[in-house]
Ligand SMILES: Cc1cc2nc3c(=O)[nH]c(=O)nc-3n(C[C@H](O)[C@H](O)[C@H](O)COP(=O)(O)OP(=O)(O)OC[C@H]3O[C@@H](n4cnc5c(N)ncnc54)[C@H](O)[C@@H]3O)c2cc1C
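A single chain comes next, written as structure tokens; it is the form predicted alone.
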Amino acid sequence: MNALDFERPTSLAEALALMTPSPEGSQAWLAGGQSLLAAMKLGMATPSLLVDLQYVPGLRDIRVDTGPDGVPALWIGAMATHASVAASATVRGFAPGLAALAGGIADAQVRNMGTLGGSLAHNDPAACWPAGVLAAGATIVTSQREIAADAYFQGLYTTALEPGELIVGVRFPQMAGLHYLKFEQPASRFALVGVAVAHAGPGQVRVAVTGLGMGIARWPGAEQALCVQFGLAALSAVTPDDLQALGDLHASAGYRCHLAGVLARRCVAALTGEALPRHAPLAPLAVQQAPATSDSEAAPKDGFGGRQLLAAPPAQVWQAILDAQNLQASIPGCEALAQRSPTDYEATVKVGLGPLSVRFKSDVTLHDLQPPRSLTMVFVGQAGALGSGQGTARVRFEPTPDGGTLLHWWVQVQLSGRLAQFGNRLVEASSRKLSEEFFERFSRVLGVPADRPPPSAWHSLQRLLARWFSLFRK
């Protein structure tokens, strides 16, 4: 354990006063600790101060109030445990689907310690509460403001919360019905996929899906169909082509999309009382796949790759990749990047994903340089107790008739230790999360005008670099 201070305030004002910016380290709210303490054990969260909310009055309240629109609304305090929500007669009377959701989280020990606010603040990409909150169209009330669910969830382990901002409770509107179902990973009881369907009235249906890998997301296709006709028939032609899923050792992307369709049908059947056909045919899947690879070189079976069109000539792309100053300016959280030789780099990067924050080093060596046509990158990283990783990336730049570049890339990865247990989905999802910021920075380095839509080809280059810089932690 790292050295830290611990405070247990007895009022909300006292708690908020303790959460002040500190140059020596970070502070963290301690709710049930089911996610934060696990992250601290792994060295992925190192707060200098824990502010325990156990004795702050009012944060465990569960009641029915009058909402801002004058309509009754369900209030669940941020420190209400999953078990207390599941057992609450108030919740069962107002929204029985929420009580059922809470009663199916993890095991009895976790349900008696884990809290609604803690789950929402952590925003795990396979958690149950985000699905229920987003489907219900609830409002997250903090110490500073009120945030609609659609604006609150912003990606993998990322929310709209500002540093020091505290979730006080969640306000749920009236609904005709809400039902949540998940297909569990047996060991952790997290959702391989979970689907929540909320029906607020004619033409008012929201569908939220968790467990796909990139965080909680709404399913527009299913919502549109169910708003027209709320019943099983409406889903007969719905395909998950507007869902983005990632695969790992537990389930492929295609299987996760398949499960989303199955669970959505079961949720609707539970809300309408319709009988599911014993062998109901499922609509064909349309799963987004990785970009096609070059015809002249196949991607490794255990790797990933693609090709994209770049709005820059090969010489400019080549120079940007090799220039240490450009790379440091482009990589989010890069504190230092040194070029030890013409073909060797060393980077120190601090990456934050919600409550997780790690500082790590990665060594990159370039081989087989054929400017400005191709190169090979070899990555080696040590993560101490978390394990290690190594890999190879082959990159080729093909000029196009209009003066651009067609980028081909292939990557092979090998992880060991605890790092390997994080799974491919977390690696893929974290690299995608960094993609937008990296691209914006890299565009500025290359002189792309701010009002010009960024060429999507740079997304591939960013994914290549961000994957690797997010893998090797120290």
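Being a predicted model, the structure only gives us computed values, none of them experimental. The numbering used is simple: start at 1 and walk along the sequence shown.
What comes next is about the form predicted in complex with this ligand, which is not displayed.
Within this chain, residue 56 is remote from the site of this ligand in the predicted complex, having no heavy atom within 4.5 Å. When this ligand is considered in the predicted complex, residue 330 lies well away from it, no heavy atom lying within 4.5 Å. Residue contact check for residue 119: one or more of its heavy atoms lie within 4.5 Å of this ligand in the predicted complex. Put simply, residue 31 is close to this ligand in the predicted complex: some heavy atom of it is within 4.5 Å.
Within 4.5 Å of this ligand in the predicted complex, a heavy atom is found for all three of 105, 161 and 188. A heavy atom within 4.5 Å of this ligand in the predicted complex is found for exactly one of 259, 347, 167, 95: 167. A heavy atom within 4.5 Å of this ligand in the predicted complex is found for one listed residue only; from 179, 394, 182, 206, this is 182. Between 230 to 238, 361 to 369, 108 to 116, 312 to 320, the stretch whose residues reach within 4.5 angstroms of this ligand in the predicted complex through a non-hydrogen atom is 108 to 116.
Of all the residues from 59 to 79, the single one having a non-hydrogen atom no more than 4.5 Å from this ligand in the predicted complex is 78.
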